[in-house]
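Starting off, we have a lone chain in the form predicted on its own, written out as structure tokens.
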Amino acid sequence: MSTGLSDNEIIGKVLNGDQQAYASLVERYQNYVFTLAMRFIKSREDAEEVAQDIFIKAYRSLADFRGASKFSTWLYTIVNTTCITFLRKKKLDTYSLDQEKVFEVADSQDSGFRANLVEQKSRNTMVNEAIALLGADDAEIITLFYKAEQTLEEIGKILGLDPKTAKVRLHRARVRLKEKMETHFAEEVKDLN
């Protein structure tokens, strides 16, 4: 059901009464939302339930989307607040954004286009383990930039930072990630070069 329409074009269709067009947005962002939900919620079943709730909330609030940022940025805010609300209601422990298992779940969702799955998973696992060694703030900004593909402006909006501050934090997080990789994965890093 994937269409060549942009997010804003699909949203326009939905707001003009084509409710079926919303399925395209769900299809486009279901892995993104589920992966983010798994960062907060350890149980796969609960994360799936919360992901469904997120899409329902997004649908109901679609008229509030102004297009000032990417749809994925707006959706991230809904993911964040819905997951935190769920955890408060369930009184469960929250999990750090740098939890390794989250990235393993994301990695296991193979798109079928990987040339060498074993090598790719090995690299991803190494990077994810290095990210897990970072502090929560560093892991969050690295994840938003590289995994969620957010721009510095979008990261600034999500984290309540000036984009220049987000850029500085991202740079510092990259330096710390490089140090962790060189310290803990020296042989693997050498093989990559």
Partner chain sequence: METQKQMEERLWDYIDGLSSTEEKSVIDKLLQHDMEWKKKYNELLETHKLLHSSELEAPSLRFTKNVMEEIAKYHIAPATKTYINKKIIWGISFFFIAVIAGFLIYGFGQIDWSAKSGNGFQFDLSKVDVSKFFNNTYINIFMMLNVVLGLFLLDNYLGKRRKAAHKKA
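Fair warning: this is a prediction, and the values are worked out from it, not measured in the lab. Positions refer to the first chain, counted from 1. For clarity, a rigid core is taken as the largest C-alpha set superposing within 1.5 Å between two forms.
The protein also exists as the form predicted in complex with its partner chain; that form is not presented, and the subsequent description refers to it.
| request: Decide whether R44 counts as a contact residue for its partner chain in the predicted bound form under a heavy atom distance cut-off of 4.5 Å. | output: Close contact exists here: in the predicted bound form, R44 approaches its partner chain to within 4.5 Å, heavy atoms only.
| Is there a heavy atom of H184 lying 4.5 Å or less from a heavy atom of its partner chain in the predicted bound form? | Heavy-atom contact with its partner chain at 4.5 Å: absent for H184.
| task | May I ask you to state whether V127 is within 4.5 Å of its partner chain in the predicted bound form, using heavy atom distances? | result | Yes, V127 sits close enough to its partner chain in the predicted bound form that at least one of its heavy atoms falls within 4.5 Å.
| Taking the shortest heavy atom distance, is R174 within 4.5 Å of its partner chain in the predicted bound form? | Output for R174 is yes: heavy atoms within 4.5 Å of its partner chain.
| Does the trio Q52, Y59 and A63 actually contact its partner chain in the predicted bound form, every residue with a heavy atom within 4.5 Å? | All of them do, each having a heavy atom within 4.5 Å of the partner.
| field | Residues of 139 to 155 having any heavy atom within 4.5 Å of its partner chain in the predicted bound form, listed in sequence order | value | Contacting residues: I142, F145, Y146, K147, L152.
| With both forms fit on the core, has L177 moved 2 Å or more by CA between the shown form and the other one? | It does, since the L177 C-alpha is displaced 2 Å or more between the shown form and the other one after the core fit.
| request: State yes or no: after fitting on the rigid core, is the Cα displacement of V26 between the shown form and the other one at least 2 Å? | output: Stays below the 2 Å threshold, so no.
| message | Does A68 shift between the shown form and the other one by 2 angstroms or more at the C-alpha, the core having been superposed? | response | The answer is no, as the C-alpha of A68 shifts between the shown form and the other one by less than 2 Å after core alignment.
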